[in-house]
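Here we start with a single chain on its own, the form predicted alone, put down as structure tokens.
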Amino acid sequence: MPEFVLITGGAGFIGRHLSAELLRRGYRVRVLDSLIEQVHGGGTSGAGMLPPEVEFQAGDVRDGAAVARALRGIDRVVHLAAEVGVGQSMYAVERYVSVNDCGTAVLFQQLIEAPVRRVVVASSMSIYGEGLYRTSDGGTAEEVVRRPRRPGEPWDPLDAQGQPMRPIPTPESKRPALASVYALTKYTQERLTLTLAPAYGMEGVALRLWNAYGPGQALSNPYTGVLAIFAARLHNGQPPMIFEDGEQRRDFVHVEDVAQAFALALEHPAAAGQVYNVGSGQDRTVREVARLLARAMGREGIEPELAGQARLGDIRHCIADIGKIQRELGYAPRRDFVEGLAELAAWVAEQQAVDRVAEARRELEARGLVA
């Protein structure tokens, strides 16, 4: 009998691709998802988008009875269910803590009664805060905190000599620096998994995800991945809106590579008890990415709009060091970024996307969360 995997929050972007990957590997798959409006209301997501072989159960991860039903007969769990969004987390505090942390607590309360072999939780690069930096004298800076920027000062963090520091790849060994409510909740999810799983005879693994992209993203959700937000704006003939000066550096990883990482984390013996970064191993500026996406979508004439403001809870640079997951699990990102953008652009062209980015920005400004 093939092993049975439960994916919480599995009707979303990553969950649907992971379901397809696990089915290809011979697993049976069940999904538990509450289908919240912010994520699934745009018509590009939901239970109807899952592969037909997937068993779907509607339910909230905070509902113990729903979780208990979903766990019946399950061998392994991937825990994706979460509210996602740095900016929104800074004012929707109760909602983010409730879904992300209480939801994880409810899941493990039920797992105590019905343990499985392994639980893999989706953590986030946001737990690092600022990534690792090289100082002007050649040293490294791990605990970088950005102070409020004065007019005319560089956007990049400064070292003790007052010089801008250079971002370098961030390994899993870097100490967390939790700069947003979202980051706090993801770190709590991670620690609950790695603490409770072995206490009850299970194996726990945490994957710290960088910026996932690909077809199937929730285009009408202004708090989702930045590429989906940019795509929705461009699709409606509007410029991508970028905070600061657009020179922030990020790693963008195709959702199929993310699915590969989860499958490896579920299967590989070496993964038990470990934390892994999941990215592409390549970094780009946000402004460069906006321009590449505009070109892929045939919107070269639309230049990104630079806000010149910082958003509370955002970080400047964080670049993924993926050496550990490559060495230990054999992870190998396969998808070329430019080809992936072309695929995303082709998919977006067939969608309807409600542009809610300006509305989300006004919400942040009204609450004093940009400066």
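Counting begins at 1, following the sequence as shown. None of these values were measured; they are calculated from a predicted model.
Omitted here: the form predicted in complex with a small molecule. The next part is about that form.
- Using a 4.5 Å heavy atom cutoff, none of 195, 206 and 326 lies near the small molecule in the predicted bound form.
- None of 282 to 290, 206 to 214, 133 to 141, 231 to 239 except one has non-hydrogen atoms within 4.5 angstroms of the small molecule in the predicted bound form; the exception is 206 to 214.
- A single residue from the set 260, 88, 123, 180 has any heavy atom within 4.5 angstroms of the small molecule in the predicted bound form; that residue is 123.
- Between the options 80, 127, 294, 165, the residue in contact with the small molecule in the predicted bound form by a heavy atom within 4.5 angstroms is 80.
- At the 4.5 Å threshold, heavy atoms of residue 99 reach the small molecule in the predicted bound form.
- Residue 316 falls outside the set of residues with a heavy atom inside 4.5 Å of the small molecule in the predicted bound form.
- A residue is said to contact a partner when one of its heavy atoms sits within 4.5 Å of a partner heavy atom; residue 84 meets this definition for the small molecule in the predicted bound form.
- The closest non-hydrogen atom of residue 320 lies beyond 4.5 Å of the small molecule in the predicted bound form.
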